[in-house]
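Okay, here we've got a single chain as structure tokens, the form predicted alone, with questions on binding and movement later.
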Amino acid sequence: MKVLITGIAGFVGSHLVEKLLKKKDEVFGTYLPGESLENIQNIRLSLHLSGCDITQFDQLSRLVKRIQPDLIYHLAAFSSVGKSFTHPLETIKTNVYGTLYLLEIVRSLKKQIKILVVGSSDMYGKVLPRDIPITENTPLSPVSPYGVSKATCDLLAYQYCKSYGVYVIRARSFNHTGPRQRTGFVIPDFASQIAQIEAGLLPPVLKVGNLSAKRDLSDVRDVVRAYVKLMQRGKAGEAYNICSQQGYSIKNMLKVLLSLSKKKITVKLDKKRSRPSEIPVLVGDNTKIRKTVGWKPEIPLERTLKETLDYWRKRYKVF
């Protein structure tokens, strides 16, 4: 298959492309001009890469028409919930316009192209305890600019499928982490600080934000496996939660990471790391994707946390 991945050099894109190359797919990818290609450096020669700003319609259109892909995994996005509060315009522009442009370009082509539009659990917003775990029928009530942007993309994908017949599948990914995820997200923020403390680059004080939130957390490698299965067996227009169906408190995940270090580390609250509107609990129901494509998470959380910490240890030369 001829596959296009937007945002191929990112955290998730780099894991997805490794899986697709094992399937012998021909992989094309976009990256933002000036973006680091470190995550895909070792496999770069196996890929067809193009610098492309997805908010530039003509640029994106020329690229898609030239490649004529069979499948498109749309991963390119402004992906930080926290930073979306200070950069709402950039968040909306990148996520909504980038998705709308891609859908419109595909609609204009004679060839049927299957698209996976990647959404987020953040689009569900603050859900009442009685509605946990969250199903695909839970109303979308986002409370962050990022969540609003992803809810909009999800609805656009549905509309383009129903109105124009574009073959689009909607993935609603809950929190996921693993090696290569950059700082600005809770697990790499903790892991990178621990690694720097172990390397003697920081004093033994780990700064944290709100630890009371509870999140449904999966390994990124399980998530990209779900993406591939959805492209193979997912139904056009349908939305699918990708989640572990387990709720983990941020506090307990931090305890696991700290237990993996021989250093004695003090935890200190940093109010600057808290968000203006925090969602207390996000736990999903994965019944639909289990029944439709036979996917379920396989990698234990403890392994994910250890391998993420080890990734940061290598970056700071702890080993």
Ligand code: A2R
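Residue indices: 1-based, along the sequence shown. Because the structure is a prediction, the values reported are computed rather than measured.
This next part talks about the form predicted together with the ligand, which is not shown.
**Student:** Though the ligand is not shown, can you say which of Glu26, Asp70, Asp53, Asp285 has a heavy atom within 4.5 Å of it in the model of the complex?
**Tutor:** That would be Asp53.
**Student:** Which residue, Ile115, Ile194, Ala157, Val118, has a heavy atom that falls within 4.5 Å of the ligand in the model of the complex?
**Tutor:** Only one listed residue qualifies here, and that residue is Val118.
**Student:** Using the partner position in the model of the complex, report whether Arg182 sits within 4.5 Å of the ligand, counting heavy atoms only.
**Tutor:** It does: once the ligand is placed as it appears in the model of the complex, Arg182 has a heavy atom within 4.5 Å of it.
**Student:** Can any non-hydrogen atom of Thr94 be found within 4.5 angstroms of the ligand in the model of the complex?
**Tutor:** Thr94 belongs to the contact set for the ligand.
**Student:** Answer for Ser79 alone: is it within 4.5 Å of the ligand in the model of the complex, judged on heavy atom distances?
**Tutor:** Yes - in the model of the complex, heavy atoms of Ser79 and the ligand come within 4.5 Å of each other.
**Student:** Answer yes if any heavy atom of Leu305 is within 4.5 Å of a heavy atom of the ligand in the model of the complex; otherwise answer no.
**Tutor:** Close contact is absent here: in the model of the complex, Leu305 is far from the ligand, nothing within 4.5 Å, heavy atoms only.
**Student:** Pick the stretch from 132-140, 70-78, 160-168, 103-111 whose residues have a heavy atom within 4.5 Å of the ligand in the model of the complex.
**Tutor:** Contact-bearing stretch, as computed: 70-78.
**Student:** Indicate whether the candidate residues Asp222, Val293 and Pro297 are all in contact with the ligand in the model of the complex, with contact defined as any heavy atom within 4.5 Å.
**Tutor:** Judged in the model of the complex, none of Asp222, Val293 and Pro297 sits within 4.5 Å of the ligand.
**Student:** Heavy atom within 4.5 Å of the ligand in the model of the complex: which residues of 1-20 qualify?
**Tutor:** Residues within 4.5 Å: Gly7, Ala9, Gly10, Phe11, Val12, Gly13.
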